Ligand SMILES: Cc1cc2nc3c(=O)[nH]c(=O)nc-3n(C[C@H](O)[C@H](O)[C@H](O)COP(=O)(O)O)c2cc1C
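Consider the single chain below, provided in structure tokens and representing the form predicted on its own.
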Amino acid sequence: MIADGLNSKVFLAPMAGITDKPMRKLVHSFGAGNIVSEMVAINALSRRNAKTYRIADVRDEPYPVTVQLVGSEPKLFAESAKLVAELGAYSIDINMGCPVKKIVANKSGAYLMTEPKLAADIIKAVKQSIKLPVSVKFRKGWDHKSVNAVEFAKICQDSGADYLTIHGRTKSDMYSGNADWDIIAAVKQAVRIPVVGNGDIDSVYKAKEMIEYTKVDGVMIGRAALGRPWLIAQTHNYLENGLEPEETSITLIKQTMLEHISQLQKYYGEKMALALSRKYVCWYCKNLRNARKFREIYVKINNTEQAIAEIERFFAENGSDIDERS
């Protein structure tokens, strides 16, 4: 077991603007897997920013949610951790890996890998403020001239982290190139606490391959779950029970897409849900026949009724054909 109460080796990765409540509910509906929120900025949370507060509030979700915090001030981290615990978080993840410019510019995310003392102070502050499990997500290093994941992992461990998640790319890599599974293996070998591996897991087989290659205790899946929210549960079932995933049907894709839109509407309201749905339908229909034409039509629709009608038309036209060239 990676941490008390976490019953799966598989994690849905925190993704800003994606792993919101509608996405989390959908992923959970398919079965087992650990759910992580989109990142919550502690500066905004300390100001009780309404949008940020809502993101952090997971009290009405009937499954454990790890809430990820991002920032750079130990005191604010401690205060935010207390608040998030009150708002229903099952555990806290500290973001020390985000490579996005506006995050690192605020000395947050991957920037903290260049300030190990500050990183340690943050972890200690959070651990002292709450009794929940605390994890740290970080990268291979800032760039290829400063790969310090192993040393950083030891600092996280010594500062009280309960488990770690490492993405096998540097900050400078962003999301390009191949993830370095060797550095993930090195981190696993260097620490006593559980380690979760992240990077280039796009199937149940890749998940098993990473575990066998790196000896990590669990895996985290991010971009591969976009348009495939069932992948988390499929991976859990494959790792735990050897269950091969069934071929994805057109019917499942359509039903899931419509349910996702419905959940977006309940959470955000019709107007915002329609705007947000544009990115999701692109992911869902990725390998379907005439997907490109469908996307071009859908992104121009400004009426929910028309959007649903276009989805119905598209899937009626597709039948059960899949064209990998779309």
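Model, not experiment: these values are computed from the prediction. Just count from 1 along the sequence shown to find any residue number.
Just so you know, the form predicted together with this ligand exists too; it's not on screen, but the next bit is about it.
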Practice problem: Would you point out which of 155-163, 252-260, 196-204, 78-86 contains residues with a non-hydrogen atom within 4.5 Å of this ligand in the predicted bound form? | Solution: 196-204
Exercise. Check each of 10, 13, 23, 311 and return the one that places a heavy atom within 4.5 angstroms of this ligand in the predicted bound form.
Key: 13
Quiz item: If you check in the predicted bound form, do 2, 134 and 188 all have a non-hydrogen atom within 4.5 Å of this ligand?
Solution: no
Quiz item: Does residue 65 make contact with this ligand in the predicted bound form, using a 4.5 Å heavy atom cut-off?
Solution: no
Self-check item: Non-hydrogen atom contact residue 35 with this ligand in the predicted bound form at 4.5 angstroms
Solution: no
Quiz item: Does residue 229 reach this ligand in the predicted bound form if we count a contact as any heavy atom within 4.5 Å?
Solution: no
Quiz item: If you check in the predicted bound form, is residue 108 within 4.5 Å of this ligand, heavy atoms only?
Solution: no
Quiz item: Counting only heavy atoms, which residues in 205-224 are within 4.5 Å of this ligand in the predicted bound form?
Solution: 220, 221, 222, 223
